[in-house]
Structures are given as structure tokens and as C-alpha cells.
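Given as C-alpha cells, the chain that follows is alone and in the form predicted alone.
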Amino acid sequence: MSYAWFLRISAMRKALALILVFALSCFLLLPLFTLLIWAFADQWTFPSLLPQQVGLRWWQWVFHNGDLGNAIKLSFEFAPIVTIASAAICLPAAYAFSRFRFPLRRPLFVSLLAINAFPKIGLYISVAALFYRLNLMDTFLGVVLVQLINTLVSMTWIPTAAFNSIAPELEEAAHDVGARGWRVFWRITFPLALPGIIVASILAFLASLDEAQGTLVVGTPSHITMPVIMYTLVSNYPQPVGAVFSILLSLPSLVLLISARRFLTAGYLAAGFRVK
């Protein structure tokens, strides 16, 4: 095979790769671009390729509509509370999985994945039956508890990986110079594990913000969040309203994931994803 033929084959491969990347970009970005246009389109009728009028009419309509405004308010009330509650429950467990050896440690750690191994609607129905007996249906606490289900894996596994990535010798050195107990944890362990905890907290916040099925089952009719009300926006509201709501749901995810990008790509987190 001649060198010229090799260069031609290489150029064809690069061209094919560029075409595939362009096609994938169009597949992913064009719907988002259309969504963005719909959110600011005061008037857009067929066969026009672009809106005849643009403005903030539908944004004002969303924020001044009682039901939709309340859904936004509830979503941003549940998310931080669920994140804090998840951290209070899961971070001690993550530290225990990383630092202590106890019976059934590995099966318990892996069993957390069972939450995501099966369709959750059956789990939510079972939870709803229990909550009905405990008078937790359609309550703020009931929704918080059901949303916690979606945060357990990330809030346990990622901090466990962060704690695993910290060399025990660092803690032993602190003990050797006289530090004890909580001081070692707060001055050595926690600061080093903080990036992983931040990542887990962001993912827990987004999991709560995007949770729909459990909230629909447990929180209806009084505790309706943004993902739940999206079901009715498709058929009962003008199309730009759904676009505005989609942007409001997507924007926190985009901002938080960009903010956490350097933590998400940290090599030490990947190195810590194991239980010895």
C-alpha cells in the first residue's frame, strides 16, 4: 500500500469522524436550541422558521401563575432540605464504610445499588402504602422522605470514594503529634474529602430537583413540584410554557455541573471507588 493511499484513508477517517461528531451535536443540541427559541417566542406560527415576535411574555405568565409559581417554590424548598438530610444520614455511613471493618460491610455497600436496579414505581407504591398508615401522604415530610431514596447511592458511594482516597497515614501522623478524635477528622479528613462531598451534594440536590414519580405518588395533590407539573404542561398549557419550565429545570443542573466539573474529573475520586 502506497503512502499516498494511506494518507487518503486517514483523511477519509477524519472526515467521517467529523461528520459523525457534527451529526451527534445536531441530534443533541438542535432540540435544546428549539426549546430556547420557544421559551422566548411570543408568536411563532407555521410555516415560519423563526418566531414572528419574541419577548418575555411566557416567562412573566409562568411566574405570575399561582400553580406554576408554587411548583417552582416547592421544588427549590425540597431540594436543599433533601440534600442536607441526605448528608446527615449518608456521610456518617460513608465514613464507616471507608474506615471500619464490620460484618456484611461489602454486601451492605453494594446493596445500595439495588435502589436503582429495578423500576422505582413499584417501590414508590409500597412506600405510599406505608405512608398512608403513618399519615404522611400529601405532607411536606412525606415528600422529603420519598425524595431521599434517589440520593442514597450518590451521597454514600461518592463520599466513600473520597474517604478511601485519603491515606490513613495522614490521620496517623496527626494522632502522633497529639491530635485526637474530632480534631483529626475536621482538620485532616474532612477538608481532603470535601471535593467528593461537594460532588455528592450537587448530585443529591439535582436528584431531588428532578424527582417526579415519587413526588407524584406521595405528594399529590398539594405538594406538586416542577417535574410533576411538567406532565400537565404538555397537554394543558401552551407550548412555550413547557419550554420555559424545561429551561428552569435544566439551568440549575447546567450551572452546578459546570461548577463541579473539576471535582467530577478528579482522579482521586475514581481511585477511591472500591471497598476492600
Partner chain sequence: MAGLTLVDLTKRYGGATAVSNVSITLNDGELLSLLGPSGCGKTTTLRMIGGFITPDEGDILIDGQSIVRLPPERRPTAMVFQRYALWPHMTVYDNIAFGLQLRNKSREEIRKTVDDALVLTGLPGKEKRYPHQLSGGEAQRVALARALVLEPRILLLDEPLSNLDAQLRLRMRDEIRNIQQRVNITTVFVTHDQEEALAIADRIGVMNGGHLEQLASPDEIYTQPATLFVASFIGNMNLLPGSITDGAVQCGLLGFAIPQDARLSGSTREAIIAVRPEELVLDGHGPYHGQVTQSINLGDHKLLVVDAGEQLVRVAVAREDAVPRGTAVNFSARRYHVYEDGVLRGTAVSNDTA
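Source: prediction; values computed, not measured. Residue numbers count along the first chain shown, from 1.
Keep in mind that the form predicted in complex with the partner chain is not shown, yet the notes after this line are about it.
Taking non-hydrogen atoms only, Arg105 never approaches the partner chain to within 4.5 angstroms in the predicted complex. In the predicted complex, the partner chain sits within 4.5 Å of a heavy atom of Arg183. At the 4.5 Å threshold, heavy atoms of His175 reach the partner chain in the predicted complex. Taking the partner from the other structure, the partner chain in the predicted complex has no heavy atom within 4.5 Å of any heavy atom of Gly122.
Only one of Ala179, Leu194, Ala87, Leu141 lies close to the partner chain in the predicted complex, with a heavy atom inside 4.5 Å, and it is Ala179. The partner is absent here, but in the predicted complex a heavy atom of Leu170, alone among Leu170, Ala93, Ile72, Leu112, sits within 4.5 Å of the partner chain. Judged by heavy atoms within 4.5 Å of the partner chain in the predicted complex, the contact stretch among the candidates 78-86, 133-141, 149-157, 185-193 is 185-193.
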